[in-house]
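Below you'll find only one chain, the form predicted alone, shown as structure tokens.
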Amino acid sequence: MTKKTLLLLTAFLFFLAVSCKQLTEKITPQAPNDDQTLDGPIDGLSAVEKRQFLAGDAAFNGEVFFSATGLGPYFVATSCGSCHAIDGKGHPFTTLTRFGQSDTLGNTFLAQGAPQLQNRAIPGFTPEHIPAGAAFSKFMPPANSGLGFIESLTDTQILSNEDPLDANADGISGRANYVSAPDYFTAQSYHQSKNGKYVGRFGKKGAAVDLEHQTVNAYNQDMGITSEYALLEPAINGLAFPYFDGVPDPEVSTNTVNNVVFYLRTLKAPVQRNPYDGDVLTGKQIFMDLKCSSCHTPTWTTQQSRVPALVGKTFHPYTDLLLHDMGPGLDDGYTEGTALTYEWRTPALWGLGLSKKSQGGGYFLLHDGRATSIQQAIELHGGEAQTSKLQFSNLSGSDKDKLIKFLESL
């Protein structure tokens, strides 16, 4: 091969390499910025923990159940991810219905399938209906990100913000929801019991003590999938046991449940977007001036955790994790634990601006998704939030826009 031929061949190969690189860049999507997604692990996980995170991710987002693998016989969804697309909020099509408890004395409809309606069924079975006389409420599936940070707070930290009698006369009287923990629950050093019950911190009314409690319930109540933690499927339509779906129990392994719990425990917290934008900063100040932060506590710092990477971390969820009176407009007549029908646990606001990505391009906010904009969600507040709502209504259009821009940055 002559020198000239070699030079020509080299030039051609270089041109081919550059062309291939440019083509690859055009057809290969770029990874989104960290502040544009809700999924991904927290920093500081070990190699072993990263593998468990990925296993939990695969089970949560990739495993779809059907009748041959234990789905149902009664169910709401066929997978975890179908209710929490890209780990975000749910959609009206995936809204859950809880029924059967109208006061704090307990659920009197457990024998008739409460607390959750299974509105779908595998072939040969009839979907559940709400029994006559049962109070009920719609619950929008929440986003999953940052849950491990919330789980890692101590009960002492949460209870330090309680003010059930409004002793400081600020109009805010948050309190914890004490719920009965399942038999498989193992109290950690940071849990405190009261009359045999524990502080609930997950769910619309704080009905789940920890992420294991939440996950086991979701497998069992949402998909009709049994595990070693919950071997019996709930009674449906008043039918007594036994009934079966033809698949031996447990239908999901303990290892898979534990992987999913770890996945939820180690999902990263949402990253705020444009935090130093002038309008965002002004909106944040308006948020504080309206006393929204009295319930939506901006910042916490973990003290202990089952996951070393979660210890001593400061995070910004904008929730106090307490129950608050939200007024008659949000009173559905249904409750859980020691919560009253008009009381709801303060939802975390972080990730709010990304909600539309998992909700089909629009907002479905509040516990049941009835609000289709942030402004509407604010205007539907009542009870302890009544004063803040009225002050919001008196803001100029410009200040309302800045407040909403701040909320959408979270």
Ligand code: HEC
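The first residue of the shown sequence is 1; numbering continues from there. Since the model is a prediction, treat every value here as computed from it, not as a measurement.
If you look for the form predicted together with heme C (HEC), you will not find it shown, but the lines that follow are about it.
Between heme C (HEC) and the residues 178, 287, 109, 262, the one pair within 4.5 Å by heavy atoms in the model of the complex involves 287. Taking a 4.5 Å heavy atom cutoff to heme C (HEC) in the model of the complex, the contact residue among 315, 202, 229, 125 is 202. Of the candidate stretches 100 to 108, 76 to 84, 272 to 280, 303 to 311, only 76 to 84 contains residues with a heavy atom within 4.5 Å of heme C (HEC) in the model of the complex. Residue contact check for residue 144: one or more of its heavy atoms lie within 4.5 Å of heme C (HEC) in the model of the complex. In the model of the complex, heme C (HEC) sits within 4.5 Å of a heavy atom of residue 346. Residue contact check for residue 215: one or more of its heavy atoms lie within 4.5 Å of heme C (HEC) in the model of the complex. Using a 4.5 angstroms threshold between heavy atoms, residue 153 stays clear of heme C (HEC) in the model of the complex. Contacts between 291 to 314 and heme C (HEC), taken as any heavy atom within 4.5 Å in the model of the complex, involve 291, 292, 295, 296.
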